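Considered here are two forms of the same protein chain, supplied as C-alpha cells in two stand-alone entries, structure 1 and structure 2.
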Structure 1
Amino acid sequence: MTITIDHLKVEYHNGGELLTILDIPFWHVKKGEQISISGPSGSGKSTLLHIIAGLLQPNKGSVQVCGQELTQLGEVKRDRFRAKSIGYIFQNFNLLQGFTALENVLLGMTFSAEKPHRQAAIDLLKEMGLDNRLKHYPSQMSIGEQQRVAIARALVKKPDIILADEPTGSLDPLHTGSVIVKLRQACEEQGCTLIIVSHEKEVVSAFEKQVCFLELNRAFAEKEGAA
C-alpha cells in the first residue's frame, strides 16, 4: 500500500465546542493508483491532502505513507519526507514571485532525491505549453499559466505521490483536458500515485476510480445528516 489511513480524526475546539473536521475509519490507496475525490467546499478534502503530505498532524489515528508512519515523525523529518516523496500542487500555486517560471520548477527539485536538471525542467514547461514563458516571473503570467508552472514543479522531481488540490481550477476549458492528460500520463510513466481533488465534473469523470468524499469522511456526513 502507498497510503493507509486508520481511525483518523482531525478536531479543534471552537469556544467550548469540539468540532470534528475529519473522521475516516479506514482508507487505503495502492501504489500507482489514480483517484479523483469530489465533494462540496468545507467537507475536509484539502485537509486530508495536508494530512497525507505531512503538512498537518491528526489528533488521532494512523497515517502511513510509503512505509512511513507520519504521526511518529517530527516536523523536520516530515518536511524531508515530503521533499523526497510528495509532489503537491497547491490551489493557490505557492510560486516564488522573485523567480522565473524555470527557476520555480528547478526549485521543486532542490530538496528532492533528484538533482536539479535544467533540461528536464525546460522540457516539462514546454509540454505544458509554456515554452515562451521560461524567463517570465509569476506577475508576468496569467493565472492559468501560473497554475501550469505549479503543476510542472510538482512533476519534475518524480515523486512517489502527487497530491493535486483543484489543479485545474484556474485553467480555461482549452487547457483543462490537456493538463489532466499530461498529469495522468506523467504519473503513469513515473509509476507514482495520483490523488486529485476537484469540483469539476470533467476532471472527476476522467478517472476510473472516483471517491465521493461525503462517503469517506464520516464527520461531514454526520453533520449533513444533522442539518
Structure 2
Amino acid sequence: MTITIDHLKVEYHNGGELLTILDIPFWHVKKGEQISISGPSGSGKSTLLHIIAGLLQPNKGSVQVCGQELTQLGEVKRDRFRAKSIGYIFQNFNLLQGFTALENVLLGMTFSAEKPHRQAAIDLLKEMGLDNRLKHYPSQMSIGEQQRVAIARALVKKPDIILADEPTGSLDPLHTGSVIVKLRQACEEQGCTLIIVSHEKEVVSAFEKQVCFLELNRAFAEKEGAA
C-alpha cells in the first residue's frame, strides 16, 4: 500500500465550537494508482492532501504513507519525507516569479536528498514541450506553460506520490486535456501514485478510479445532511 488512512480526524476549535473538518474511517491507495477526487468547495479535499504530504497533522487516527506513519514523525522527519516522496502541484502553479522555468524545476530537487541534476530538469522540461522556455520567467510564459513547469517541478525528483490540487483550475479546456494527459503519462512512466483533486467533470471522468469526497469524508457528509 502507498497510502493507508485509518480513523482520521481533523478538528478545529472555532471560539467555543469544535469543528470537524475531516472524518475518514478508512481509505487506502495502492502504489501506482491514479485517482481523481471530486467534491464541493470547503469539503476538506485540500486538507486531506496536506495531511498526506505531511504539511498538517491530524488530531486523531493513523496516516501511513510509503511505509511511514506520518503521525509518529516529528516535523523535521516529515519535511525530509515530503522532500523525498511527495510531488505537489497547486492550482495556481506557485512558481517562484524571480526564478526561470529551469530554476523552478531545479528547486524541486533542492530540498530533497538527491543532488540537483540539471540535465534531468532540462530533459523533463523538453518532454513537457518547453525546450524554448528554459530561461523564461513565469511572467513570460502562458498559463498552460506555467502549469507544465509546475508538473515538471513535481516530477523531477521522482517522488512516490504526486498530489495535484486543482491543477487545471486556471486552464482553458484545450490546455486542460493536454496537461492531464502529460501528467498521467509522466506518472505512469515513473511508476508514481497520482491523486488529483478537481471540480471539473472532464478531468474527474478521465480517471478510472474516482472518489467522491462526500463518501470519503464522513464529517462533511454529516454536515451536508444536517443542512
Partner chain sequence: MSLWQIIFRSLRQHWLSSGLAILSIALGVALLISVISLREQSHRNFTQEGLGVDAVLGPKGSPLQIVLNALYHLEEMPGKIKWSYYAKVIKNPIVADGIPFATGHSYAGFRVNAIDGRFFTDFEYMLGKHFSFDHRDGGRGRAFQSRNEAVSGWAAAKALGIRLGDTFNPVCGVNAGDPVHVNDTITFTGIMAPTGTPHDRAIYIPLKTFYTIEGHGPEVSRMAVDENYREISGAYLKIKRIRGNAIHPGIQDLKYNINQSSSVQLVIPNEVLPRLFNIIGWVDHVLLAIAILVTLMAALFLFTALFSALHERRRDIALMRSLGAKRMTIFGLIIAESILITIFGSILGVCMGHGIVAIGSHFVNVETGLHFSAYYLSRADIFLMPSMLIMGLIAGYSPRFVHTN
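Numbers given to residues start at 1 and step along the sequence of structure 1. Each form is matched to the other, and the largest set of C-alpha atoms that superpose within 1.5 Å is called the rigid core. The model shown is predicted, which means the values in this text are computed figures rather than measured ones.
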Index of the chain form predicted in complex with the partner chain, chosen from the pair: 2
Is_shifted K126 between the two structures (CA, 2 Å cut-off, rigid core): yes
After core superposition, I'd like to know whether Q72 moves between the two structures (criterion: C-alpha shift of 2 angstroms or more). no
After a rigid core superposition, would you say the CA of M141 moves by 2 angstroms or more between the two structures, or not? yes
